[in-house]
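Below you will find one chain, with nothing else, as structure tokens; this is the form predicted on its own, and questions on how it binds or moves follow later.
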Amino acid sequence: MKPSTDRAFDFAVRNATYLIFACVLLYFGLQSPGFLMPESLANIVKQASFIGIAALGMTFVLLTRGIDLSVGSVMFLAPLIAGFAMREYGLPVWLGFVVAVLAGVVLGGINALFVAWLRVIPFIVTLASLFLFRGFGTWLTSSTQFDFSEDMRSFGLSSVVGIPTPIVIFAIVALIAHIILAHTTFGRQIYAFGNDPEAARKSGINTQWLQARVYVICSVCAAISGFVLIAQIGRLDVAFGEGREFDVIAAAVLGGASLMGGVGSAFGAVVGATLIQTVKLGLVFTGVNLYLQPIMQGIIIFLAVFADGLREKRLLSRLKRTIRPLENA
């Protein structure tokens, strides 16, 4: 492969998600000019906010070579606990938000206990907690719909200096996640652990405490995500958040987070979540059958995972080329 072609290929692999995003916007914009109107784009970001917030938390977990299948159930249970507290004690919405976050800490701590200290495989732990958390929430509601107060609905429909509140919360969480990952010692330790857990441990990093924190962060983000979505619809039923873990993982992977750990960013998770929502809304704008949405989403996720595989292969290939064999003495 020629050097110029090689550089172009590397650029395409590294920026696959952004290139796919640009192509999707161009395609739907040409099919329906109204799709690129500011109101439409703002609606995309608003609807992507709850998945994006959860995807930010999932990125922390994926960076450590883990996975959290319980996020959909946390999105259901944490706001439900906050709803009961708001109804029972007459708490305002902002205190309900705090309760949801604290519930996320507790639920994430349960996952952290088994993953970090008892060394159970993350897939098994979070699969079990997926059913445990949802079952507990179903028991609390007796499978009936839970209606939140009108104040909750007003909060979801409110805005800050003209920007919808869900987008503001999304931006704040994304900024905090970016600062942690890119500008703190904890963030550097996460990347180090994801690239080589054993080397990270030998370098003095408390890997158990690190793993515990990322699972708590993931559950807190899922709790905030569920609260933001419920604030927009004002109610919760037993199917709320069901299957959302796949959207969240897809958004993180689409954003460049590697399933092999050590690669990913907060900005990537934002782009991945927005891309998924762009595809969904674009299909509606162009009048495509809604049943095709999972197929289109699956194709895009496949392309992103394929690009991730190519990226890993290229990195390994370069690493091999930089290693010289020992010369005979």
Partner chain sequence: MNTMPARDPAAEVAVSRPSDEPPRPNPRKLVGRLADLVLSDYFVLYMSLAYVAVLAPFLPTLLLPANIVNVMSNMWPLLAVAVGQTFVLAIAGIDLSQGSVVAMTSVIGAALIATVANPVVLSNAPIWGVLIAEDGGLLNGMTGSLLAAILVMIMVAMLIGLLNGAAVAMLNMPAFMVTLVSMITFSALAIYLTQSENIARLPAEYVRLGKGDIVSVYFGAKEESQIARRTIYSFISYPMVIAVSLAIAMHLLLNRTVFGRYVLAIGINRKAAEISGVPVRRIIVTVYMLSAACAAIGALLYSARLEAGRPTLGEGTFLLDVIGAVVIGGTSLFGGKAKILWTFFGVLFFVLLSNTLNLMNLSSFQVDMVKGAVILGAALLDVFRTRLMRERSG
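The structure displayed is predicted, hence computed values, not measured ones. Residue numbers count along the first chain shown, from 1.
Another form, the form predicted in complex with the partner chain, is not on view; read the next lines as being about it.
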{"item": "Stretch in contact in the predicted bound form with the partner chain, which is absent here, among 145 to 153, 79 to 87, 221 to 229, 113 to 121 (heavy atoms within 4.5 Å)", "value": "113 to 121"}
{"item": "Contact residue in the predicted bound form, chosen from 69, 271, 45, 279 - any heavy atom within 4.5 Å of the partner chain", "value": "69"}
{"item": "Proximity to the partner chain in the predicted bound form, single hit among 168, 91, 212, 132 (heavy atom within 4.5 Å)", "value": "132"}
{"item": "Touches the partner chain in the predicted bound form: residue 33 (any heavy atom, 4.5 Å)", "value": "no"}
{"item": "Touches the partner chain in the predicted bound form: residue 306 (any heavy atom, 4.5 Å)", "value": "yes"}
{"item": "Contact of residue 295 with the partner chain in the predicted bound form (heavy atom, 4.5 Å)", "value": "yes"}
{"item": "Residue 138 within 4.5 Å of the partner chain in the predicted bound form, heavy atoms", "value": "yes"}
{"item": "Neighbours of the partner chain in the predicted bound form among 227 to 260 [non-hydrogen atom within 4.5 angstroms]", "value": "246, 249, 250, 253, 259"}
